[in-house]
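Take a look at this single chain, the form predicted on its own, given in structure tokens.
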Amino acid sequence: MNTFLSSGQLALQEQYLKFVAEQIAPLAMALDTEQVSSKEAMTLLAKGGYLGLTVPREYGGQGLGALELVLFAEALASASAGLALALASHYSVIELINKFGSDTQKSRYLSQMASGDLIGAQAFGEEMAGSDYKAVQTTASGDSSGWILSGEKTWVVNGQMAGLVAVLAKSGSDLAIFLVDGTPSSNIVVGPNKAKFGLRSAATCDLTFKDCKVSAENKLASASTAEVEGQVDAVLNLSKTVVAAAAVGIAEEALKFSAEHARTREQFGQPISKFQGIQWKLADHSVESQAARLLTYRAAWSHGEEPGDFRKFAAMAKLFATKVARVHSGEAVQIFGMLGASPDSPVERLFRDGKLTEVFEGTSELQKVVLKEELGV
């Protein structure tokens, strides 16, 4: 019995897996080596209708929930986990507008984001202000007639292709979020793609705002810094759940390759699957991958059904699923032996990607801070 997915969701899951197998998996190696750009891959997602899953139907989206988004991210990560991270950044901007945007902002941007005409990028982090939002140095000066943004954001996923950037800035002593059109004329300096050892199919860069003009209506409504922090928290709760789903996809793919290799690799006259040391690795991997999947589905389900618990379960899913991806992709390399160290081996990429899921969209340590707060301690 499947206690989480309806027949409709199971059908969507099959559709997602088929799309990824046919359209994304053949490009996995080229994406990892940057012979194919993430922008090209995002164009494929747009053509398939996968950039507007949670956009309401009245704005041209599919009107689905976080659970369907998680199912797609999991399927996508089985071929290219970096694209799932790119998806998290895009959908975090959609979440921001869905939850906190004005009617004007929704009508202006959501349909274009659903079609892929606009790719979203979340630009909250800075060199000296990661999860410490109050340390943000990017400034916004202005009033009801318009705003001027100045500052630098770092490690912005989708920054090079973004048509809409959600920017966290300091306005006087308060924080505010602005929706900035990512056009060449908007005084945004786009840095080069930043090299990283994993999740390479997610393009990341620095964005520098040099007296960037933003219309007054592109500031998200907020009454206080505390309210803005709540908006940031809500956005990150969704994006970290998407990253948890990517970690599940990595873990499941690593398990598939590990079991297949164990059945076919022979040592001392028999397949290595006959050795108890290998059997126990695979058993632990199987159990913990399923636990991570169920916890991630639980988090996504709570987004719509029990929103008061979403923060807690999002942190749990991010903490646990990413650890499972890191540990068991490492065990997959162990099962492959030196073959697992080769870039021609699928588990080498999974190992690199698995580790970085523990860092992007909030470190594992930060999730523990969230969980202790949820416990009231």
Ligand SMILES: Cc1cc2nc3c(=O)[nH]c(=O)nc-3n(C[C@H](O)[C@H](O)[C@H](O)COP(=O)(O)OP(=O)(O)OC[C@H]3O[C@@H](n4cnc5c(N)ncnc54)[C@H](O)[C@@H]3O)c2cc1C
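Quick caveat: nothing in here was measured; it's all calculated off a predicted structure. In case it trips you up, residue 1 is the first one in the sequence shown, and so on.
As for the form predicted together with the named molecule, it is not shown, yet the points below apply to it.
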Taking heavy atoms and a 4.5 Å cut-off, does Gln9 contact the named molecule in the predicted bound form?
no
Taking the named molecule as it sits in the predicted bound form, is Phe72 near enough to touch it, meaning that at least one heavy atom pair lies within 4.5 angstroms?
no
Does the named molecule get within 4.5 angstroms of any non-hydrogen atom of Gly151 in the predicted bound form?
no
Exercise: Gln122 in contact with the named molecule in the predicted bound form, heavy atom 4.5 Å:
yes
Site test, Gly130, Val156 and Lys196 vs the named molecule in the predicted bound form, non-hydrogen atom cutoff 4.5 Å:
yes
Determine which one of 130-138, 249-257, 274-282, 292-300 lies within 4.5 Å of the named molecule in the predicted bound form, judging by heavy atom distances; exactly one does.
130-138
Scan Leu76, Val93, Leu85, Ala169 and let me know which has any heavy atom within 4.5 Å of the named molecule in the predicted bound form.
Leu85
